[in-house]
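Here's a solo chain for you in structure tokens, the form predicted alone.
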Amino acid sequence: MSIEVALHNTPLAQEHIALGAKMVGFSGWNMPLQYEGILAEWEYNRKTCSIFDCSHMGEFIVHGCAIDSGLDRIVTQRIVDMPVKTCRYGAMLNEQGGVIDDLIVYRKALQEWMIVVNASNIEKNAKHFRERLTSKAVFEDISFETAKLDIQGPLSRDILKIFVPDIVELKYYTFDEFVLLGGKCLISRTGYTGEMGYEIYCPWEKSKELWQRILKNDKVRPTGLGVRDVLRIEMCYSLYGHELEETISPLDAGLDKFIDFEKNFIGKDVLLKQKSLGMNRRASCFTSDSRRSPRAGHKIFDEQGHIIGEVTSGTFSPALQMGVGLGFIETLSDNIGKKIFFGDEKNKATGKIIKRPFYKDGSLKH
């Protein structure tokens, strides 16, 4: 007997339905998969501007000193030296060195932090923070009162400066508070698509008006989860539940540069041991020799037919006009340029391991 679990709605659910979006369940939320289609929405993001409803993401506030609160020990990145109004990407680990979630830390003030986490992990992450922060920290979960709209694409700055002229001053991986529609919103510039982009964090009740106002500009189109997945795979960005999970270490996932071994953090000893013993597997990216796309769960084979890995994400890349994939592959030697096969024992396609990312022509840091 199957039990149906009610899905959460973002404050824009009815807006998506009115625009003809195909809705699907994703990480416990009722979300738009696509509107006009994946290829059309890919064009908007790569060439003009698109808007995503990311209100399903989780947001936490922590008040306290980075060290005394225990926050610095929870994340793999050093945060004590972060300037106010900057962001850092990192991860939080379990005692076995596996990734509980990847996250972005925002330093709002000397002793105030916002942490943005994945929608599928809000409850689990909140529990983790509450259990590991010290009595000197104050923790708030503001996920269900904070809406998040992502404006992405090479024209995103031009679109947003109509509403917020000072947005032109915002540098990559920084944020500030701006007056928008008569109220204050936190706007950051990080991105998940490889293009210039901004994230607007606003009160739940303000999101509908903001969404409608931005979409009045004919250079902006609504886009869904389907194309967001294509865009992030083209950039070789990890997705929790695919390239990241509690049985995968950040070293496995290739997130070395987001780990500061000069500080203490949960799971550090396990990672140091993993480094000393050597890596058994490594996140890799590969292209198909055709338009055939790899799929999560496909096996990866060497030229002798031995299984050497597994695909975690795959898609057809409109940028490369071929299939592309991410996966974990045995680290026996330098794999770049290596010929591989993907699929199953009966039906394999050929491909080649390459350096990340697949898409190199974006406007991300312009």
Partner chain sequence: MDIMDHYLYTKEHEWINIEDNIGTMGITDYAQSALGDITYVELPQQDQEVEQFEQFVSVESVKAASDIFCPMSGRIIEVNDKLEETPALINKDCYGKGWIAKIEIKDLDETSNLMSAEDYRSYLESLDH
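Positions refer to the first chain, counted from 1. The structure presented is a predicted model; accordingly, all values stated were derived computationally and were not measured.
Below, we turn to the form predicted in complex with the partner chain, even though it does not appear here.
- The chain is drawn here without the partner chain; in the model of the complex, the stretch among 101-109, 189-197, 85-93, 228-236 whose residues come within 4.5 Å of it by any heavy atom is 228-236.
- Of the heavy atoms in P32, none are within 4.5 Å of the partner chain in the model of the complex.
- Remark: Q274 does not count among the residues lining the partner chain in the model of the complex, judged by a heavy atom distance of 4.5 Å or less.
- The partner chain in the model of the complex comes within 4.5 Å of no heavy atom belonging to R213.
- Although the partner is absent here, I38 sits close enough that one of its heavy atoms falls within 4.5 Å of the partner chain in the model of the complex.
- Between the options K208, K161, R295, K184, the residue in contact with the partner chain in the model of the complex by a heavy atom within 4.5 angstroms is R295.
- Looking at 21-35, the one residue that comes within 4.5 Å of the partner chain in the model of the complex, counting any heavy atom, is K22.
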